[in-house]
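A single chain, nothing else alongside it, follows as structure tokens in the form predicted alone.
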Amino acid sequence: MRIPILKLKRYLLISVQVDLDDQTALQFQEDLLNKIHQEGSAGVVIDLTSVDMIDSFIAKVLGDVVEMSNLMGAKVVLTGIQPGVAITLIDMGIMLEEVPTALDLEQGLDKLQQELEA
């Protein structure tokens, strides 16, 4: 299953609405990086509101997606991080200290705009 990636002006918006298995996560990583490259996107908002838990592999892929997106020039904002996801990320040593977060997609988009204007 593929996770839809929407384009809004110079941004990409992703709302993860499916359970993330290893194959879906890897496909998402590839799709997002290709879309950033194709569109020349300045920023990405990834909404994780519907994701209650992740395993160690998904946590690593998520951290990698953030790092790779930044390397390609796209600032990432994560939104809707649930407690189980936060715990797994920290337990795995994936700190994401430089990654802005927000409660929901709308606030994430506002935060992304602020980050890119700074």
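Residues carry their position along the shown sequence, with the first being 1. Remember, predicted model here, so these are calculated numbers, not experimental data.
FYI, the form predicted together with another copy of the chain isn't displayed, but the following is about it.
For the options A25, L13, A102, V99, the residue carrying a heavy atom within 4.5 angstroms of another copy of the chain in the predicted bound form is L13. At a distance threshold of 4.5 angstroms between non-hydrogen atoms, L6 is in contact with another copy of the chain in the predicted bound form. Although the partner is absent from this view, A118 stays clear of another copy of the chain in the predicted bound form, with no non-hydrogen atom inside 4.5 angstroms. Three-residue candidate spot M1, Q17 and L109; every residue lies within 4.5 angstroms of another copy of the chain in the predicted bound form by at least one non-hydrogen atom. Contacts between 60 to 97 and another copy of the chain, taken as any heavy atom within 4.5 Å in the predicted bound form, involve no residue at all.
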